[in-house]
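Single chain ahead, written as structure tokens, the form predicted alone.
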Amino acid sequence: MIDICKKVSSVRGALALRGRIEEIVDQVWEEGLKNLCWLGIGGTWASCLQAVCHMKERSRLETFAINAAEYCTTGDRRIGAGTCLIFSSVSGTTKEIVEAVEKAKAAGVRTLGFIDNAEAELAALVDASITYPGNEQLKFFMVADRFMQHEGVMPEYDAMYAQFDQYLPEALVAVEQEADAFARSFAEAHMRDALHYFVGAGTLYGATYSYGMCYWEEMHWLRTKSIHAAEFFHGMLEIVEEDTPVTVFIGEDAQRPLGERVARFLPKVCRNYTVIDTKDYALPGIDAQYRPAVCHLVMHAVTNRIDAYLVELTGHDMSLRRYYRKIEY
């Protein structure tokens, strides 16, 4: 059952953070900016990839995503004075994130952390901290969009967010409701897959990567491989057979043709493929021109329902872990 009130309230509360986000971004912009670094690991790194993809289509700012564990070991000479480092952490205690933020602070960066645990030590390390649970991608995109408004490449900022504030929370719940029957049939068909391939591009590549690794592998204990649609024809296509489970995530940003190309190919060699296209879901009140900025949220709404039915059908609690934070590694 979908808890409509809870989900609407969650998104509406995240959108209400925009005023505080604007204050922080405005100050960074006024003080001068060399580059934007999105820092993460695991699922948060996937969200960073989405933010970078969203920006690079139109922004001239140097913006990049870096994996926290890689930064801790190899560093990155781009990160230093004039860098604004943005990250998210639910617990505020993830070892690699804490170490990376400390390292970046020592290099002279300014930091903005979305830290769900306001009492965590990490919250005291950053220049600006915002505490609100969930909605990580939405929070990241609000930061990215404010920077792009300052840059003069997002003239639709005010009109777009006026629509999001008014319609987006209910629209995303409507997506979950619309996807419900499909989600059950998908979960029933693939809950016992030996290996499932997820393919995506654009802002949905981060969703593809995260859904395969963080959700199916970490939370459901189902084996997956995630691949960028741009790379599908340079390796993966040769191992696709008639019964190979493949799911293609197709969004509505500039890289949509990459996913469409994979979707056109699969029927020639495979009968066990699924295409999930965000364009198939209505977003009442949201203009077509603004849909690319939230198509990753639409996909998340669809996969939320798949997750719910996987739990129902398998009896596997998504909070269960065998090794993560259970043993030393």
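Quick caveat, the model's predicted, so the values are computed rather than measured. Quick note: we count residues from 1 along the sequence shown, nothing fancier.
This next part talks about the form predicted in complex with another copy of the chain, which is not shown.
- Using a 4.5 angstroms limit between non-hydrogen atoms, P155 is distant from another copy of the chain in the model of the complex.
- Within this chain, G134 is remote from the site of another copy of the chain in the model of the complex, having no heavy atom within 4.5 Å.
- Although the partner is absent here, L195 lies within 4.5 Å of another copy of the chain in the model of the complex, judged by heavy atoms.
- In the model of the complex, another copy of the chain stays beyond 4.5 Å of every heavy atom belonging to C5.
- In short, of 141 to 149, 233 to 241, 101 to 109, 122 to 130 it is 233 to 241 that has heavy atoms within 4.5 Å of another copy of the chain in the model of the complex.
- Against another copy of the chain in the model of the complex, the set N67, K95 and K225 is in full contact: each member has a heavy atom within 4.5 Å.
- Put simply, of D165, E217, E170, D116 only one has a heavy atom within 4.5 Å of another copy of the chain in the model of the complex, and it is E217.
- Heavy atoms closer than or equal to 4.5 Å to another copy of the chain in the model of the complex belong, across 293 to 329, to the residues R321, R322, Y323, Y324, I327, E328, Y329, ordered by sequence position.
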